[in-house]
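The form predicted alone is given below as one chain in structure tokens.
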Amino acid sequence: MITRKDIVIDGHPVLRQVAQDVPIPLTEEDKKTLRGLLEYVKNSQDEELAKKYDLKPGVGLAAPQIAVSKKMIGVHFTDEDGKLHSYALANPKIISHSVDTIFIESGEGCLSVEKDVKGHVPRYERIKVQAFDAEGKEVLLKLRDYAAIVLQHEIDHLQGILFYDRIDKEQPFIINE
């Protein structure tokens, strides 16, 4: 089981590496890692389990955050329409996106970033993501709003990008038209 002690913190070199593609079909080890990422975010949202295992709550976790430089993510959250999004994805990539951008007003956070970084993180409002599930089956997701933001945040980890890299350093709260 992945716990807080397994999550690497900003400054660890793996967080700035471009992760490797995962061979499909997945090895048993890669399947275990992928399921572990999803299990962590699910467990971290359960107040009892989070307290018992010292889990920092989160909605997504990427393999580089546990020092595994492979393109794998786990996400588990409910969007603004009440729809549950629970995915363990290998080799996720954005294959199309909107021109319009959005951001979370209160800013983004990250299990690997302990400091509080203020500012707007511009994200595409709508994205289409192609990936593979733990069984090696191709998955195509059309996401918008909060769901699109969460997936973009996790996919950024696979490219060695942290959310605060996207904040305008000169004007962190600028709203682009």
Ligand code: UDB
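Note that the structure is predicted; figures quoted are calculated from it, not measured. We number the residues from 1 along the sequence you see.
One more form of this protein, predicted in complex with the named molecule, exists but is not displayed; see below.
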Next on the checklist: Tell me which stretch of 47-55, 108-116, 127-135, 22-30 has a heavy atom within 4.5 angstroms of the named molecule in the predicted complex.
Outcome noted: 108-116
Item to check | the named molecule contact at G60 in the predicted complex, heavy atom, 4.5 Å | outcome: yes
Checklist entry - Quick one: does I104 come within 4.5 Å of the named molecule in the predicted complex, counting heavy atoms only? => result yes
Checklist entry - Is there a heavy atom of L34 lying 4.5 Å or less from a heavy atom of the named molecule in the predicted complex? => result no
Checklist entry - Across 149-173, which residues bring a heavy atom to within 4.5 Å of the named molecule in the predicted complex? => result I149, V150, H153, E154, H157
